[in-house]
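Okay, so we've got a single protein chain in two different forms coming up as structure tokens, structure 1 first and structure 2 after it.
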Structure 1
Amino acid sequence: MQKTYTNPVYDYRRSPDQDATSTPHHPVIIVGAGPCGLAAALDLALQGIPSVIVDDNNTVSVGSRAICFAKRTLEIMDRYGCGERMLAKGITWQRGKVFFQQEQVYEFDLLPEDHHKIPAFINLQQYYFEEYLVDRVNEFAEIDLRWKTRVTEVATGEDQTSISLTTPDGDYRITCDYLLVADGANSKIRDMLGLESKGQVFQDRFLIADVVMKADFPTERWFWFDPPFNPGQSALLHRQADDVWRIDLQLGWDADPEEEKKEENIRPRLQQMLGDEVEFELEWASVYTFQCRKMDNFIRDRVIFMGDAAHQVSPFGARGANGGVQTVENLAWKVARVLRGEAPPQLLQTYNDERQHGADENIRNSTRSTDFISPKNHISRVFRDETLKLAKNYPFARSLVNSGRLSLPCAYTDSPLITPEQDDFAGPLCPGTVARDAPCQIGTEPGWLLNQLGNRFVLLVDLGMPRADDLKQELQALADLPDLDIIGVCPAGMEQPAAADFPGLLISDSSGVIAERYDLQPGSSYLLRPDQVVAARWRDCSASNVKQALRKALGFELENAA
């Protein structure tokens, strides 16, 4: 098999902890240097929290694995400082086509509006994604990444967690305030604690193959139901970086995984799909089944599970890695505030509440996609096939076609941290949803709104208020809050106030897109969490309302909170 990528080999280095005379203690230890573990360390570092990552390997993932990274994940990566590198290497796409047998049924556009910094999706092999995260991690003194270091024992308690480690030159033990577990779907830490992940195993098999070829297929997501080259089954085609194309072929439950993985059996299947005239080299292949399952509780004492260790979904809809990164973003700011004494420990329970909701949503969408792609009885197949026939000519039927509902951030509208809506606003950006990006101007430089948000709480306020003195008084009452940044939005055509007269950052909405997406009017204000989720919004900026919503968002109104 041809290789377009050579896995880096990272050096094992002996840790000073191994020579300590007493058991070393760390605020946070992270198990697993995959996408979620690396992301968690970066998020914590940006908020001033040091961490140790341990991983029993010394390289990134072998094979492309997860390849579809959604807009929200890329926005998070942009906040971490590695988004631009991923965008530069990845293959950007936003259009897709759905085929039934020999005909195109319809096509779709995932990002039909303009004025977004980040595209709807990129395709990027997971090994690149991880490599770029490792490179970024190595830029932070707050992060201690230890390769070839395996956890052999975990002891949990109410006050701290202790873990035993084995390395190429000896064993040692360390403790931490919080152990974050991102060691994958077959989590050994979960097994050590006697915990389980429950759910459904789907009785189907899929061939996943990466092929290197120079083809003139457009950069789109193509999905086939019952194609002539794989009758009765499904197929998926995606382009990746380095002229690598991802192909998924449904095989059926009776397929022999060991036989199907052999190149002499894979090549005829792919040639039938691509055409006899297309030359390609097989780079990587695997046969997989999948499960939709999750833990009942992602927290055990001071051990917190993330990513596939906490929840799994089928690959349809790209909800695995994307959902995992969004899980990390939800957790990191809460751990940081609890460790700094700025929030009660009960705040961490809302990670479980909010991300159980996210996992349920991902599993529900993933299960429905799987049932549509792989109907298990005659009636289900008739329904699916008739829906596909209708979808060609009738737009209403296209919403029923399910080749994988692509990953979107979930909304935490029912979270106890969210202040319910009090005023009338237009549009979908209600409390509990993720902030939307828009172009802005900072001084004379162009910029993007989301790049000004994150890591801290932010109050976004429209400065086009006739009663400027009243607004200034309200903002001055908030200026000294330790974890709150204030951003003033100057509407199109408005002259910015002097910086000395405003207790925060001034940005200009010269295009009017911020006002449109946030339905801003003079005095409108939004409180945004460190994970860029809207915590509250009001038509008039009131210091007392902001302080109350901030207290709620930090968990002080939770039962038993201090």
Structure 2
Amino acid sequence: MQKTYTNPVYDYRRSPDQDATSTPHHPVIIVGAGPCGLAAALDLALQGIPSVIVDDNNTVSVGSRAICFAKRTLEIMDRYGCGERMLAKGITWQRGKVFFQQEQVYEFDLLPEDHHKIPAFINLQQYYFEEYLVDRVNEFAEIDLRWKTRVTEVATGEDQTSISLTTPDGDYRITCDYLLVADGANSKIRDMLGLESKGQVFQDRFLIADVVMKADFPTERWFWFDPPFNPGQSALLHRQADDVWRIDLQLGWDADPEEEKKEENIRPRLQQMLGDEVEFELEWASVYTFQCRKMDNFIRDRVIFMGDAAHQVSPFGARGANGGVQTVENLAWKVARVLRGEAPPQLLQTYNDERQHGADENIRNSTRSTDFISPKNHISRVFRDETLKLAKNYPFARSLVNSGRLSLPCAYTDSPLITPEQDDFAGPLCPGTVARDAPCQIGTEPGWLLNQLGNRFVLLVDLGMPRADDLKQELQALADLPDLDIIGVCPAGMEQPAAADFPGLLISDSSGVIAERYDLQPGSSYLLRPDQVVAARWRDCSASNVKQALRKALGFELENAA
């Protein structure tokens, strides 16, 4: 059926580990080469940590599956070096329509904010997303990706984890310091360890179909509530790469998945949905149910769960893969620093603290969308329907219409790693939030601020200081810290100091957008974590404040930390 994409087949290769005389040991083994497992390996490699990935299959996602990738995910991909390829292939859209029963209720235009490298989101089939990650992974000698390799046994301990593997030519065993698990919603590793992911099962089924339109069709997202072609249910249409359109049809709990998947049953529905005159070809179809659930603790001994294995959401709002990649980014820099002995092991527990908070937020948002799309009782349906009726003429009601809220990164404001706000700043970039992008100039070359951040701690400091000598002294006291780079921001119109005199990278804020987004004044400084999260900010730059916030961000002030 599928014509626009052929799944690559990756070769199984015998690993030297299979012929080792004693059990080989690796710092990190990752289970699962999906979006999260591949992302974890890349993030670790960028921070100097080698890893082994094992996957029981030998290809990428079969079917389009996750298709909406949010800005934050793409910023992370850009840090990994595969964001631009995804942007080039993906579809950016900003217009949409909402229908209720027979008629169009309203249309919208998302009007994106200027001065960001990455758009709010793109639509891209999961197989492309994974394929580009695999290609990037193959560029790193530090990453050993082993296809057709399945975990059959896990033994956890306080000091190390041991796993048994089976392959097309035999079984073997390896050990690791940390086992990172990204083997999906029905995680086998989770089962092997007797752990559970708990939450809510939704009694509903959805049909997803990818179709290729033969004629032009607008690049818009169309969402129907209770349409004539699917009475009492919902439907969604939006565009992916290669002129493939994704259709999601709510079926209800009583639908027979095998019957609904048949082309002769899908076709008439879609024809009614798209209009009689539209010709299309069916590429792929699947029926799914979903759950919102998570593990109580994402960590057991030295086994750490990520992505759908750790937390699962309904598809509305695209928070599965997006939330998953954000868990990975939160974890990777911590694992790297603990392995290098630069942070206490307690730092890893904050992965659980920070990402439980993220998972709660994602589950809450996707559950709210689900409840709006399929109301759970009579009065909920009344409110839903009346909201849609009001939305036609009254813009306020459109703010209540919830067919999925865009995935935004959560704020770790209450995390024990974050130095609480003490100074007076305007704007949303408080400690615990993810840095915002802005254009900058490096020498004579235009660039982007986010491309200068990440993988190590960064102190971003506004150089428009009247007493430049004092600032220079503070910065010199920080220049030798191995995990901290200094980036000096020269305000618009200021002449750059000589590069040789400055203990870091100089960038120009020629458009003034950095100053605006970060509410910079002369001497204002931000400490940014390797995951681009603001760890602390001050109106003045003081070396002792920075050192203390850095200690805190690395977990040295956690209970029982050495």
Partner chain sequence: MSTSHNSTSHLNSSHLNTAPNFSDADGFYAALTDAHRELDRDQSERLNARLILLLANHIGDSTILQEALQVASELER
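Structure 1's sequence is the ruler for residue numbers, which start at 1. Rigid core: the largest C-alpha set superposing within 1.5 Å between the two forms. Source: prediction; values computed, not measured.
The chain as displayed in structure 1 is taken from the form predicted alone. Residue displacement note: Pro112 has its CA displaced by at least 2 Å between the two structures (rigid core superposed). With a cut-off of 2 Å and the rigid core superposed, Gln101 has a Cα displacement that reaches or exceeds the cut-off between the two structures. For Glu445, the Cα coordinates differ by under 2 angstroms between the two structures after the core has been superposed. On rigid-core superposition between the two structures, the C-alpha of Ala215 is found to move 4.5 angstrom.
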